[in-house]
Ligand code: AMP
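Here you get one chain, nothing else, as structure tokens; it is the form predicted alone.
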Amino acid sequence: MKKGLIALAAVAAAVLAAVLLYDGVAAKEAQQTFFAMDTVCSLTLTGRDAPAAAEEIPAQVTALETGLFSRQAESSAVAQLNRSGGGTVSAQLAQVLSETREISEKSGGALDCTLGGVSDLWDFSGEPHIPQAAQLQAALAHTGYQKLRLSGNTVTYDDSAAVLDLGAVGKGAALDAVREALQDKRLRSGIVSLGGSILLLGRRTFTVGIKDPAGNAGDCLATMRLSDCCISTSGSYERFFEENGERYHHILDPATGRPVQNGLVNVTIVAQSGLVSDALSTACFVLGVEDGAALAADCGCEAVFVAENGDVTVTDGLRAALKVTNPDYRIVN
């Protein structure tokens, strides 16, 4: 990986000066690498409060995972909702659910946080396999974002067998929480990477790489010059298995319960909100280029769509910032 390049869905890294001036005082740099939310995470912060802030973030992310978002952790709020078929949640989780539902509505259900039962059948995190058609149909009967209702801080399930799963928004929501926690810190710049979702802090402009799905770790097909934003990517190469000569990836179509097959291999979203970027990377992948670009525009975000034949479609607001670096890919719009 080239020096100074941040590769989405790979290892995020930044090359910053070891000592910078911050309001006339030598600023400090701090780095951390940790495992949370089922992925390798990393961060680089620069500023007076960088060392202390860097020590706090891993524990914060882990607490969000085990206390709120994970449906596998028995102590999490989501797991408790699934066991009880609803309940009262914190203001933080209520806000996440409200924003998720809004994007679900705008996407026509392309984002569906009730796919937990369908995902379990594929078991991409364990021993992946093709579910039986009858099993899929039975699980799909209990999906649909409309089955979860939110009134204030109260969540109710219209279908007691529905399974809430925030896997498509959890990393982005965690980035939003981290950014809020860092607001009062004396920082000059920063990068926080939670797998395929990255937060860029401060006025510094970073070079962000979009991973080459056909390449090795760290290989990029394009780069973007960005600052002070969130970037999320969804790719068919992230989790997959092969059976009977066919490849099956983890991005499921809520309409069929099967992996999306629309020719896309990667969708990257740039937004101010981590949750929005994370949610849209999935929803826009499901919708495809035309409808996905329209959804991104409706949400005030920018997007890059990469097709398996090498075609790259980029929304207008990112065109000047994006540079294709691999000759196997070309911008087509």
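Position 1 is the first residue in the sequence shown; the rest follow in order. As the structure is a computational prediction, the values presented were derived from the model and not from experiment.
One more form of this protein exists, namely the form predicted together with adenosine monophosphate; it is left out here, but the text below deals with it.
Item to check | Residue (of Arg188, His250, Lys147, Lys106) lying close to adenosine monophosphate in the predicted complex, criterion heavy atoms within 4.5 Å | outcome: In short, His250.
Checklist entry - in the predicted complex, which of the listed residues (Leu175, Leu81, Leu115, Cys220) lies with a heavy atom within 4.5 Å of adenosine monophosphate? => result Selected residue: Leu115.
Next on the checklist: Partner absent here, but in the predicted complex, which of 230 to 238, 175 to 183, 198 to 206, 90 to 98 has residues with a heavy atom within 4.5 Å of adenosine monophosphate?
Outcome noted: The contacting stretch is 230 to 238.
Item to check | Contact flag, Val286 vs adenosine monophosphate in the predicted complex, heavy atom cut 4.5 Å | outcome: Yes, Val286 is a contact residue.
Checklist entry - If you check in the predicted complex, is Thr282 within 4.5 Å of adenosine monophosphate, heavy atoms only? => result Yes, Thr282 is a contact residue.
Next on the checklist: If we define contact as a non-hydrogen atom of the residue within 4.5 angstroms of the partner, is Val192 a contact of adenosine monophosphate in the predicted complex?
Outcome noted: Val192: no, not in contact with adenosine monophosphate in the predicted complex.
Next on the checklist: Contact with adenosine monophosphate in the predicted complex for Ala110, defined as at least one heavy atom pair within 4.5 Å: yes or no?
Outcome noted: Yes, Ala110 sits close enough to adenosine monophosphate in the predicted complex that at least one of its heavy atoms falls within 4.5 Å.
Checklist entry - Taking heavy atoms and a 4.5 Å limit, what residues of 154 to 188 are near adenosine monophosphate in the predicted complex? => result Asp165, Gly167, Ala168, in sequence order.
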